[in-house]
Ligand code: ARG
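Next comes just one chain, in structure tokens: the form predicted alone.
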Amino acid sequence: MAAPFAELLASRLNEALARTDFSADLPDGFSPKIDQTQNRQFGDYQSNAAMILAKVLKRNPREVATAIADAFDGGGLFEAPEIAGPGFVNFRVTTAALTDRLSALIADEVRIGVALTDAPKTIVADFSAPNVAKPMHIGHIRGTIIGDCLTRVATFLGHRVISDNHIGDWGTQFGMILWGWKNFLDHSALEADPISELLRVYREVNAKIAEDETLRDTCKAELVMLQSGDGENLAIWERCIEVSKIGLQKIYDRLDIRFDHWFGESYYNERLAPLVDELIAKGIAEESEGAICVFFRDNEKLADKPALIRKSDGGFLYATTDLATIDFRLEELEADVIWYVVGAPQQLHFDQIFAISAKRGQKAELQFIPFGSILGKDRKMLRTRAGETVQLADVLAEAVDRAMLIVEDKNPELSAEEKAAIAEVIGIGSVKYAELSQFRMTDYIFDWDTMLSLKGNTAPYLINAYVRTRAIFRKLGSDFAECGEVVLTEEAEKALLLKLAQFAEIVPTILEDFRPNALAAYLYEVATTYHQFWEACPVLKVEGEIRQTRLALCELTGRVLRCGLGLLGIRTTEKM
């Protein structure tokens, strides 16, 4: 498979710069930036290299642009450049190059032109990480869905990705749960819905503590017994984790998300004391008022923000566990890169952890991938009418119920089984796409009507575009066979083909700044471009090579949408 058009253009533009009269004065390492044009009226690609160089060369930008255009050789791939505005250089892909690319992309059924990375890495992806014995709430959508998408993209690009659900299975809340388990637990309710029952128990203990503060000490005593290895409390704790995982897995199954490991906080308990001793011995940590801290006196950003790694009572903290986790991931999982897909308020915590890792001489690339909040229509944190946090399971169930209403309205003739399957795809896909179509740091408003709309930048719109690509073959009465000779006769055909070819350009960029929204935006452009093609170019009403070419475009569009949505973690359906 040939390189993406943008990459080929950059290479030829560099060659053109080397032939200009100012080549000797080019800045060291200068490489022209290539952008896709927003309007094909101005070409397919654009470069502002002339305007950047004009400042360095102290020449007129259009004069520099003219020199570049005169020196440019498209080699049959690109037409002669055009100069626009203050000095933009615009380029168009030739029809011959587009024709060849369609045949090549159709032949590349799995990768659709996307190259494997030439520098594969072992990446540990830490995302979702709910607390045991508590239900996942709507705030877990972001980290869970973003982390899964990035994992899918990195795997597709050829990296070895290890997903780790670092669940919160050790902490002060377990003292309350242990006491509540012994006094309030409904075992039949636990079997039916474990997380809801554990939450009920936790809330009941909280209410009792509000009435009698001495109960808090009783719960702490239960926790101390657990930490000391008490057999009964360990058995309850293990059972609590077991049933919690069963409840959590139901949500992950519905989201079509899998983890390679569930190494929770408790997994690292035995590593904590030796770790702190090592940090003290190496002079990285020191005692302060009975506690053990790491100070960052040589770090302006953290100079007044020391990290506490052991409390004065001997207890350890999240920071200690996360440092031990890094050790494990480097030593046992052999990670080159570790991703932490966690909410933005944890920035300071990870700044400290990463700084300590650097002090220890660890070489792994540690990436904090933060995200913003989900808001209600009042632009406040989304909550139920009762003021409680919205549960993720309830959101997913309501999404599917609302999608079912749409399916029943549009396709009442379908069987109950077909309706249920389609509603599941649309409902879950809509929740995922509403998240992934946003820049991850944006606080966005959760709006049912918007996310389930068949119009605009939504999952139903994109899935419907895919369904249209399949409907043409149902009408034809057969699946796509072969491309044959490609004949492009209409601008709508060329526009669609160029957009499809750019799949190979967009996918590798997603990991540059962890931007699933860039892929979502691209897929929306594919869908809108396909609908324009659909309106302008009849498929089954024409014959011969033109029909075969348009069928190939329909097939390729379907593949790009199915693969692209799959990278977002969104399934497709053949009917809608």
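So that there is no doubt, residue numbering starts at 1 and follows the sequence shown. For clarity, every value in this text was computed on a predicted model and none was experimentally measured.
Only in words, not in the display: the form predicted in complex with the named molecule, which the text now covers.
> Is there a heavy atom of Leu392 lying 4.5 Å or less from a heavy atom of the named molecule in the predicted bound form?
Answer no; every heavy atom of Leu392 is more than 4.5 Å from the named molecule in the predicted bound form.
> Taking the named molecule as it sits in the predicted bound form, is Tyr340 near enough to touch it, meaning that at least one heavy atom pair lies within 4.5 angstroms?
Result yes; Tyr340 sits at the interface with the named molecule in the predicted bound form.
> How about Arg402: is it within 4.5 Å of the named molecule in the predicted bound form, going by heavy atoms?
Judged by the heavy-atom cut-off of 4.5 Å, Arg402 is well away from the named molecule in the predicted bound form.
> Decide whether Asn90 counts as a contact residue for the named molecule in the predicted bound form under a heavy atom distance cut-off of 4.5 Å.
No, Asn90 sits far enough from the named molecule in the predicted bound form that none of its heavy atoms falls within 4.5 Å.
> Which one of Gly139, Gly168, Pro306, Pro370 is close to the named molecule in the predicted bound form, taking close to mean a heavy atom within 4.5 Å?
None of the others qualify; the residue that does is Gly168.
> Check each of Glu505, Asp322, Glu222, Glu197 and return the one that places a heavy atom within 4.5 angstroms of the named molecule in the predicted bound form.
After the contact test, the surviving option is Asp322.
> Which of 143-151, 345-353, 289-297, 179-187 has heavy atoms within 4.5 Å of the named molecule in the predicted bound form?
Contact criterion met by 345-353 only.
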